[in-house]
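Given as structure tokens, the chain that follows is alone and in the form predicted on its own.
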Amino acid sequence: MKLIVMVMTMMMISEGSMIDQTCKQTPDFKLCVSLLNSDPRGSSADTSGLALILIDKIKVLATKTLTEINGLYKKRPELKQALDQCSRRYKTILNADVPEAIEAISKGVPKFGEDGVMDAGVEASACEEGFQGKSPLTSLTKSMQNISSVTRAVVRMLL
């Protein structure tokens, strides 16, 4: 019985180490660890798997941001033009960038995965700029930029 507990403990330590080792090579260790530990797949994933988990986090955040944008149309009609631009940009993240990144990582072509992940951050930044300093989406935009940056660092480990 003690042997089983010891083996399980060692497995848990080595699994945590993979996340820690990976996240130490990203620009935001705490964010990386938090994102990967929040997904049950993280404990057994290799670097490609960790990248795919992070890409899923980009997808979730983009979906959340689009929901927020849709709600703002009624609350802030004076922002319609900027909201339209943001809606297009976040749809690009969901319909082009995320699928491109998933396919590239899954097929072992991480360079194209990096492009998709990097573009998600660029799209979020462009959305923010469209408000000319009065964005109601700043928090979500910064989150997307941060997650994209962490994800890009993990994807680059596959190059």
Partner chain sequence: MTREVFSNIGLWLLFTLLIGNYVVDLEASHHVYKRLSQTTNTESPSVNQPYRTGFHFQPPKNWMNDPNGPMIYKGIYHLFYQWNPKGAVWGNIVWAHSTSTDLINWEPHPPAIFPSEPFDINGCWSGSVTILPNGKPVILYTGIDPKNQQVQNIAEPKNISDPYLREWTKSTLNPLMAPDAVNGINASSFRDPTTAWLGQDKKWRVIIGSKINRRGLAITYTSKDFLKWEKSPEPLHYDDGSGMWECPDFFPVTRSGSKGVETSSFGEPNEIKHVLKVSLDDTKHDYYTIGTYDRVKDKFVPDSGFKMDGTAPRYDYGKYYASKTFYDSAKSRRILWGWTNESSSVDDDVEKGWSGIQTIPRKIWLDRSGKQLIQWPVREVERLRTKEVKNLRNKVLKSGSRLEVYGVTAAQADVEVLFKVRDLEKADVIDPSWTDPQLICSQMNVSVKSSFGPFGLMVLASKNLEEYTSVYFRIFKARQNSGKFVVVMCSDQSRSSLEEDNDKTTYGAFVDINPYKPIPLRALIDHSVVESFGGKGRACITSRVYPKLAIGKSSHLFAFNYGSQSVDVLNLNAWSMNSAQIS
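Not measured: the values here are computed from a predicted model. Numbering follows the first chain given and starts at 1.
Beyond what is shown, the protein has a form predicted together with the partner chain; the following relates to that form.
**Student:** Any chance D56 has a heavy atom within 4.5 Å of the partner chain in the model of the complex?
**Tutor:** It does not: once the partner chain is placed as it appears in the model of the complex, D56 has no heavy atom within 4.5 Å of it.
**Student:** If we define contact as a non-hydrogen atom of the residue within 4.5 angstroms of the partner, is P40 a contact of the partner chain in the model of the complex?
**Tutor:** No - in the model of the complex, heavy atoms of P40 and the partner chain never come within 4.5 Å of each other.
**Student:** Whether V60 contacts the partner chain in the model of the complex should be assessed with a 4.5 Å heavy atom distance threshold; does it?
**Tutor:** No.
**Student:** Just to confirm, T92 within 4.5 Å of the partner chain in the model of the complex by heavy atoms?
**Tutor:** Close contact exists here: in the model of the complex, T92 approaches the partner chain to within 4.5 Å, heavy atoms only.
**Student:** Scan 140-159 and note down the residues that get a heavy atom within 4.5 Å of the partner chain in the model of the complex; none is a fine answer too.
**Tutor:** Read in sequence order, the residues that approach the partner chain (within 4.5 Å, in the model of the complex) are R156, L158, L159.
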